[in-house]
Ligand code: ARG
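Starting off, we have a lone chain in the form predicted alone, written out as structure tokens.
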């Protein structure tokens, strides 16, 4: 046995099971297995016992579901972070939390190393390594799968030779990662972006074609951008703990086929990857939260917050949540959420989650200004002067530079074609 220790992020699968014995042999380290529960639907006691049978000197289970939702998923929801506009970042949000728990365990157990089962091609290796280096630069990182370069058949043979208890039957054709915020699926036939995802790629959502013909209506209550209550009646909602609320929305959304995402995304390592995601709760909540912000944030706040959300999504995806830049942006987001309190009425039907109603005690929507009916309080006479001032700069430029007063051809009026000459050049 080794004289020093390493804490391994242990899933119970083939890679990390083989890694226990491989690390012990190559690095002469005792392995402590740490399995983190972020809602990934495993029998964790079975996983713990497997780690011990495989050679780990200790095996711990960390129930991090509440921390994951409160400290990672919900702040991401407040920010509105969707990578490349579609992916709610479920896997990316979980990795920094797992890295933090690895570091905590290593310090508690006196280990000098931490290890994970990521490959050299994916994003997760970066998320783990960068997070660990930010939190504990003194710890050495081992990534066995990145080092050994074994094929799956070679791993199975290694497991058999060393009596490692892992299943050697036909594996799933997909690589799957899941937590409370979403399920990601890749590999197999999905690697050809022309192929429609087969139905067996999905586990949380019904095919929208076979979803109920009648909608389900739900109401979600928010306090400062955080969902706190859920109900099927606009006036009667039940306060729920974060994990219970997300779990219930995954069930409700999945029953209507809500939350399927088929996306070709740009990985951090410079390749494009076809990913299929299921994220019913995240999809419903992002839609509802955006609807409530439409009532409670000004136009300038919404415009700039979209820029911040895009920047934060990139930082989350790249594994830089523990950076000063991410922390600074988080303060801005927290400030924007002070008045994002209210209720959103949602319709779930045939794969779509649609906000059909929203209300807030902090609403900036003024009926007297918005209505076209009796009670209109808008100052119509002021509109003419407003438009005159608003267009002043444009009218000056049009007169001086753009030839106002003539009747130019439509072609090239707004945007030149690719073969048009550069401005100011001659075409002779």
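A quick note: this is a predicted structure, and the numbers were derived from the prediction, not measured. Positions refer to the first chain, counted from 1.
From this point on, the text means the form predicted together with ligand ARG, which you will not see here.
Note on the interface: of 69-77, 176-184, 347-355, 215-223, the segment with non-hydrogen atoms within 4.5 angstroms of ligand ARG in the model of the complex is 176-184. Taking the partner from the other structure, ligand ARG in the model of the complex has no heavy atom within 4.5 Å of any heavy atom of residue 288.
Put simply, residue 275 is close to ligand ARG in the model of the complex: some heavy atom of it is within 4.5 Å.
Among residues of the shown chain, residue 296 is not one whose heavy atoms approach ligand ARG to within 4.5 Å in the model of the complex.
Under a 4.5 angstroms non-hydrogen atom cutoff, ligand ARG in the model of the complex lacks residue 155 among its neighbouring residues.
Among 314, 341, 123, 323, the residue placing a heavy atom within 4.5 Å of ligand ARG in the model of the complex is 123. Proximity to ligand ARG in the model of the complex, defined as a heavy atom within 4.5 Å, holds among 310, 109, 262, 265 only for 265.
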